[in-house]
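Single chain ahead, written as structure tokens, the form predicted on its own.
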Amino acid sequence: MPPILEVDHLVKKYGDFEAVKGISFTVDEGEIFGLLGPNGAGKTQTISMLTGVIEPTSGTAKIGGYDIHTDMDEVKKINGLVPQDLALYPTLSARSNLNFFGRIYGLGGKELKERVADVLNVVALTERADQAVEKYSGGMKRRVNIAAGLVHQPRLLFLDEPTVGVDPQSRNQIFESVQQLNRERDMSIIYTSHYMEEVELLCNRVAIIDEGEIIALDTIKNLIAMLGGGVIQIGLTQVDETTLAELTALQGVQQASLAPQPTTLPAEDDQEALEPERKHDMVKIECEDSQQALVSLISYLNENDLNISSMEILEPNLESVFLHLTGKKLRE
């Protein structure tokens, strides 16, 4: 079966700034695919190009076999988009909102009524369907937003940060809805989130995008396997090449290197307070065996009387993979 989505060297430029730098990937029919990246990485720009919100600068993509440049009318019938920002009329009920969006897709009569009832059931809002949206909680509004992207029964659904600012009950309901749509309707889903646990729970494969480029793409299991025994990050003074070589040679250690430093400058009135921190380098130690590496590391630090400003042990998971590849926390 051919992929539902084929992205081929997609580029988006704004003047001299290249927001998306020639990315390529595929999404299989019936797959939940994660798209991860820090703010400004190019995730939303990519989704906007694939859904016809903005035009690519170059490159293309096919969705259900239709080219986004020449067949966007057909692409929009296949796509469903749930954006980060709520796109609802607050004074109207959930049902009225969904009737409005259904008519945009050319639905009407009995078919529209059935579709609206169906998506209200999917997001567990049937009992509150005739209440004004402005009276809903933030999580309930998010669920109506998802229902609006489903009313025309898309084959490929784009969920862009669907759980931002929602209560735990609505968050769990959104998870259940996503899994139900994929399991029972074989719906393909592209899911972006700032919460790694969501992606680990829901997605089959993940693409990690940073500064407009895909820097890793694989199953979650294979991405986590990249880290072997995990990562230890320590803040040390006076780190040189000799120190890094000696750390790399320790038992249980695969490699020691300087970790990327934050590029954000402190405010002027904070400059003096932060001066001592600048004398410390952050060292990233990739482990073959994290427990053995930690024992060796502590012994080495004691023997060499090295001052430690910080230490963090990152066990192998998607969060530590992301930090390893980008040098950033996902929510930065």
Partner chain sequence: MKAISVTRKDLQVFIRDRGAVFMLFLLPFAFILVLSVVGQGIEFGAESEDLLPLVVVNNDPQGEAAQDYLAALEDTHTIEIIEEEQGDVEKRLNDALLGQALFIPADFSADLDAGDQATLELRLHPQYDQAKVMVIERALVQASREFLMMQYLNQGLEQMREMQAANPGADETFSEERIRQQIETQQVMADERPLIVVEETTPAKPDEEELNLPTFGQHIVVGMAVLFVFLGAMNTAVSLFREKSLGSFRRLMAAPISKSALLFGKLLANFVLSTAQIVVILITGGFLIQFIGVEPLDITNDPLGLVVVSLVIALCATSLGIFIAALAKTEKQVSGLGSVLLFMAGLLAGSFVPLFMFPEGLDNIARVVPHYWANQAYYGLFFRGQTLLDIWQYIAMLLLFSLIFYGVGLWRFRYE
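Numbering follows the first chain given and starts at 1. Just so it is clear, the model here is predicted, and its values are computed rather than measured.
A second form of this protein, the form predicted in complex with the partner chain, is not displayed here; the remarks below concern that form.
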With a cut-off of 4.5 Å between heavy atoms, is residue 121 one of the residues that contacts the partner chain in the predicted complex? no
Is it the case that residue 206, even though its partner is missing from this view, gets within 4.5 Å of the partner chain in the predicted complex, heavy atoms only? no
How about residue 53: is it within 4.5 Å of the partner chain in the predicted complex, going by heavy atoms? yes
Residue 145, heavy atom within 4.5 angstroms of the partner chain in the predicted complex: yes
Thinking of the partner chain in the predicted complex, which stretch from 226-234, 241-249, 161-169, 98-106 has heavy atoms inside 4.5 Å of it? 98-106
Sort through 81, 220, 214, 129 and report the residue having a heavy atom within 4.5 Å of the partner chain in the predicted complex. 81
Partner-contacting position among 115, 155, 76, 194 - heavy atom within 4.5 Å of the partner chain in the predicted complex: 76
Among 201, 311 and 320, does every residue place a heavy atom within 4.5 Å of the partner chain in the predicted complex? no
Partner contacts in the predicted complex for 194-214 (non-hydrogen atom within 4.5 angstroms of the partner chain): none
